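Before any questions on binding or motion, here is one chain by itself as structure tokens, the form predicted on its own.
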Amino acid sequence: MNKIIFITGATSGFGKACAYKFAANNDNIIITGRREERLEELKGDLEKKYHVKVLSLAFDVQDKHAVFSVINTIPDEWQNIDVLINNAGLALGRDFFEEADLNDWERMLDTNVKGLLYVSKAILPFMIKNKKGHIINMGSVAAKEVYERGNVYCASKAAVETISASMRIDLLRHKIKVTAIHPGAAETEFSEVRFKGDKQLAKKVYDGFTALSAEDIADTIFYCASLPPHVCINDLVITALAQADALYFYKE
């Protein structure tokens, strides 16, 4: 039987790669994001290539009202959500604490933390009703070690780790799995967003080593979501061979 997979931030990076990975497995996909044109393009491609059902929902996870308004009106046929991938997130700026932009801090917290909470809270009634489900939260190696000029981004991902642990405990009685995935450096739009469109600076991040790809992370998420019902990977850190943790790299 096909699963229903709900993916936030599906218009690029990890989210988009997950949409392709699960669709290739004949799962039906709910894709969400802010950019409606990209969602519709992705929807058309998934349906054409894999002949699966795709529902696209355009909203910003930062907008609490929009999140609950959209999710609460999902058609009945789409409500039996098996897997929620809380992928929407971003880093903005790489500044010393005293020089950082407050707007950057607020957007990271609103997206990475509050957005994850809003979407999870809105989706959970469907899973609780079915007494099953799997929530996969996108963390980061930045949750594990704080690095210079990482400040609030690191804090936001540490919050994701703690929220995931709390969810796992509280949702035990509902038989809902919770997995936190913590990727290291992955070559996606992430750095370009972080450096606010400076492609040259973004590209430098990955000089001298082979970074993870979005597909690597999608493969890992798919594996975690495909285990037997009694098995749950709680917390998983994944890096490229050249990266030991949030701080140490070997670049040639």
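Residue numbers run from 1 along the displayed sequence. All of these numbers come straight from a predicted model, not from anything done at the bench.
One more form of this protein, predicted in complex with a small molecule, exists but is not displayed; see below.
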| query | finding |
| --- | --- |
| Interface stretch in the model of the complex with the small molecule - options 222 to 230, 53 to 61, 40 to 48, 22 to 30, non-hydrogen atom within 4.5 Å | 53 to 61 |
| Proximity of Lys157 to the small molecule in the model of the complex, heavy atoms at 4.5 Å | yes |
| is_contact(Glu189, the small molecule) in the model of the complex, heavy atom dist at most 4.5 Å | yes |
| Partner contact for Val152 in the model of the complex: the small molecule, 4.5 angstroms, heavy atom | no |
| Contact test in the model of the complex: Val70 vs the small molecule, heavy atoms, 4.5 Å | no |
| Joint contact, Ser12, Asn87 and Ser140 to the small molecule in the model of the complex, by non-hydrogen atom at 4.5 Å | yes |
